[in-house]
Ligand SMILES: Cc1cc2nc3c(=O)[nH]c(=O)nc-3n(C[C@H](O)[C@H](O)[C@H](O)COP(=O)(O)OP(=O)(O)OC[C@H]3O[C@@H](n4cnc5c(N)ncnc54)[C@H](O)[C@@H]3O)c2cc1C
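Below you'll find only one chain, the form predicted on its own, shown as structure tokens.
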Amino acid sequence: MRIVIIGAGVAGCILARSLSRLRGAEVVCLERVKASEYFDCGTGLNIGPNGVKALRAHDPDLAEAVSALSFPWRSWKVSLTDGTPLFDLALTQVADTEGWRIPWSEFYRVLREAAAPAITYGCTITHVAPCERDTERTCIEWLEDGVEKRLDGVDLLVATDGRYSQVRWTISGAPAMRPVGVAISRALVPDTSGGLIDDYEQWFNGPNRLLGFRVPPAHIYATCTFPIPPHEPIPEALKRAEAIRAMYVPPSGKLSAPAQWMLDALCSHAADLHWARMQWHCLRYADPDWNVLYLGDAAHGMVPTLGQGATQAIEDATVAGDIITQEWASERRNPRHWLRQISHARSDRVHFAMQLSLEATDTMLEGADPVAGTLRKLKPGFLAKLRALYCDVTGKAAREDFHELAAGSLVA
């Protein structure tokens, strides 16, 4: 059986490593970038306790390798930029393991090294279509370092090629992007804070939010968010250092020492900040006609408020890997059946994670009261949802308990 994975990102690497162990399976992972390009990729990320838990259960050796390159994520703090404390949550209250804090480049490095035999780099997909004689199977064409390549008779195609998945757009159509009215910038800066910035912490001035945490070896992941009209681009004027600074200085004019350091760091790197609009798109795990599986951001682009993008990609890959491995061992080699099982196992869980991430974005929307919104997150209802997110990795959370947000329903 021939399995092709498009994209050596989080879900792609974990799944490629897992499926490469299946005796008799041909597993190929095609990645667009060169093998060395992960060294400069991304900034930093926090992986939720649920991602840690899922990877440890699925692949303990890989989880240990990631953990060795990470700082533990053990707390979540929220303050106003003037230093007024609002929220100080030890993750032990809502999780049964810690999370991870790690640079994207190191995360990619360890994942790609672990899946190395299956990955081919420098591949640009040029054509994806059903095979002429068997429309459930796929043929794929690509350029590999300028050389044309082709594979026919692909029994299972797995798209893990990100939020703007070329495979999903080609096969199942482009999902509608749903903006939520928040601009976000990111940077990875040297840690010169002298200990002011460590574990996961946020600072608000109105709905304008700073967020930072330390990652190995000696850097700070720094980000700022502020409201914008949902369907409009981020104004260029608001990307300038003087505009950024003005958004986070409170009426008193006095910033706490951590908020001051964060603001100075972001403003000094204003020309290098990566900007994006927060948005999500509807969930799809399987194409109804082809043997095509979507995982990670290709399946469910979500807002990053609770750090569940990479975390849910880990959950996706571990669940998909476990199901396919179990089916393979029982000599059930029907990809359509695999797709149904994976979609059934994951859909409610990911709807829950997406909805909770949207709910947690309330303090960043235009007109939001960050004090009232943050204090609501200390109430039993929200903490119970957070506990379900972090602990119930394989369970299914009920969706009817979640109120509709201004962004709209998540039902695909």
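Numbering starts at 1 and runs along the sequence shown. Quantities reported herein were computed from a predicted structural model and do not represent experimental measurements.
Omitted here: the form predicted together with the named molecule. The next part is about that form.
Chemist: Whether V10, Y221 and D297 jointly form a contact site for the named molecule in the model of the complex is the question; each needs a heavy atom within 4.5 Å.
Modeler: Judged in the model of the complex, V10, Y221 and D297 all sit within 4.5 Å of the named molecule.
Chemist: Mind telling me which stretch in 78 to 86, 309 to 317, 171 to 179, 239 to 247 gets its heavy atoms within 4.5 Å of the named molecule in the model of the complex?
Modeler: That would be 309 to 317.
Chemist: In the model of the complex, does H281 come within 4.5 Å of the named molecule, counting heavy atoms only?
Modeler: H281: no contact with the named molecule in the model of the complex.
Chemist: Is there a heavy atom of R186 lying 4.5 Å or less from a heavy atom of the named molecule in the model of the complex?
Modeler: Yes, R186 lies within 4.5 Å of the named molecule in the model of the complex.
Chemist: So, in the model of the complex, is Q166 in contact with the named molecule at a 4.5 angstroms heavy atom limit?
Modeler: Judged by the heavy-atom cut-off of 4.5 Å, Q166 is in contact with the named molecule in the model of the complex.
Chemist: Contact with the named molecule in the model of the complex for G162, defined as at least one heavy atom pair within 4.5 Å: yes or no?
Modeler: Looking in the model of the complex, residue contacts with the named molecule include G162, since a heavy atom lies within 4.5 Å.
Chemist: Could you spot which one of A57, A65, V33, L375 gets a heavy atom to within 4.5 Å of the named molecule in the model of the complex?
Modeler: None of the other options qualify; the answer is V33.
Chemist: Since exactly one of A116, I125, C139, A270 fits, which has a heavy atom within 4.5 Å of the named molecule in the model of the complex?
Modeler: Filtering the options by heavy-atom distance leaves I125.
Chemist: Out of 319 to 334, which residues reach within 4.5 Å of the named molecule in the model of the complex, heavy atoms considered?
Modeler: The stretch 319 to 334, when checked against the named molecule in the model of the complex, contributes no residue at the 4.5 Å heavy-atom cut-off.
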